[in-house]
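In structure tokens, one chain follows: the form predicted alone.
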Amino acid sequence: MTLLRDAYITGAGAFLPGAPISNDRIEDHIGRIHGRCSLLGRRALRWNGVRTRHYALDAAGRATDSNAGMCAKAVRAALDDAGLGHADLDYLAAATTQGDYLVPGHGVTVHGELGGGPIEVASFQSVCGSALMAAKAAWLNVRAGEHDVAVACAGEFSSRWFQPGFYEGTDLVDDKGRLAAEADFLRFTLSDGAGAIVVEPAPRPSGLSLRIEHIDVVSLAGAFEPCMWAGASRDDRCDAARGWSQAGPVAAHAAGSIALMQDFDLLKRVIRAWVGVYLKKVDEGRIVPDEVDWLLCHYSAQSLRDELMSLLDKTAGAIPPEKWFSNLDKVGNVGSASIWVMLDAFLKSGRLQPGQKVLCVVPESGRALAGFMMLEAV
């Protein structure tokens, strides 16, 4: 019987397009619906606590990068951080909420941007949790001896969803020119960028590596309808057969089915479900909070972090706020890329010490999913 190998994160990289965009310049980049400033934008910004973010659009609405192109730049940065070159790459797992194409997949599109010879690829499409899906595939491939250098990357080009053309002339805009709150909040919440990690069967020769202890991804989709979605109207989101493809792209756009939407009432229930999954991991001994030195938890808003901490307060799963690390206020919510952009910033901060344990948590509102990754610095 073949023994499974240990696997280590030996490099991390990130790519954030353009200069940081401050709150007062958001609509200069994503545009104004019918030329009017959003009524909900300021409330969304107070809620999420983001001060700057990055867009792969210029002020004229022209794309400066593609999703796959940003991922390729993050992959190159991660390989360079690991002291490796493009030719060393054996396996590429790529994650995103929505790639540049409907077809082909994100993985081969990223490989096309990277160039180089034949490699094995895999594509993972969900929302934020797709990053850990890709990481688990890379980790298991290295553990099984299938590959010696694997990369998991994730990227988002969210701002292209938020341009006025996605909404104007649709049922999402009322007769006063106001965009539905389910869509408008997201325009001030999500941003663009990519991140990547390198996984190898041995730690790097010098400097710190992160041994991957385990990665768990738990879906609760059997208990919840979609909480964040695109491709269906609010009424049809639970029936995949009645999505955009059934109506056709023109009719679907007119009905507002192409836009990215969030059900905020359902999100309140999903938050508690995330906490329940985490506490079950604690009860099972899969996660031991007292052993966690650093918590990297992806969350879309500062207010969401506060609610999570409140729900965990005085439970066996509480982790003190001084152990939390986040760069949300500086880079925004980069969806699936957030956890790698955060990990890259954390590793470059110099805070990590040998022997410390790092818990990465990625809750996803798409259809109630939560992912956990436990790491040890060596």
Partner chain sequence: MTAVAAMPPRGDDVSDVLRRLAIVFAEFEARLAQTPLIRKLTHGRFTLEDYRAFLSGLRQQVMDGALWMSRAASNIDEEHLELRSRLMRHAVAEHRDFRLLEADYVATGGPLSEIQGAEKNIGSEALSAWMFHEASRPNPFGLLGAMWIIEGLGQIKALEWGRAAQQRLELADEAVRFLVYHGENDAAHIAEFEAMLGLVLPDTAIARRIVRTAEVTARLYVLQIEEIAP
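Quantities reported herein were computed from a predicted structural model and do not represent experimental measurements. Numbering follows the first chain given and starts at 1.
Beyond the structure shown, there is the form predicted together with the partner chain, which is absent from this document and is the topic of what follows.
Stretch-level contact check against the partner chain in the predicted bound form with heavy atoms at 4.5 Å: of 121-129, 251-259, 197-205, 220-228, the positive one is 220-228.
Within this chain, P104 is remote from the site of the partner chain in the predicted bound form, having no heavy atom within 4.5 Å. Of the heavy atoms in T64, none are within 4.5 Å of the partner chain in the predicted bound form. Proximity of K280 to the partner chain in the predicted bound form falls within the 4.5 Å heavy atom cutoff.
In the predicted bound form, the partner chain lies within 4.5 Å of some heavy atom of G285.
Between the partner chain and the residues R178, H147, R305, R76, the one pair within 4.5 Å by heavy atoms in the predicted bound form involves R305. Taking a 4.5 Å heavy atom cutoff to the partner chain in the predicted bound form, the contact residue among G169, G276, G85, G116 is G276.
Contact annotation for 125-145: a single residue, R143, has a non-hydrogen atom within 4.5 angstroms of the partner chain in the predicted bound form.
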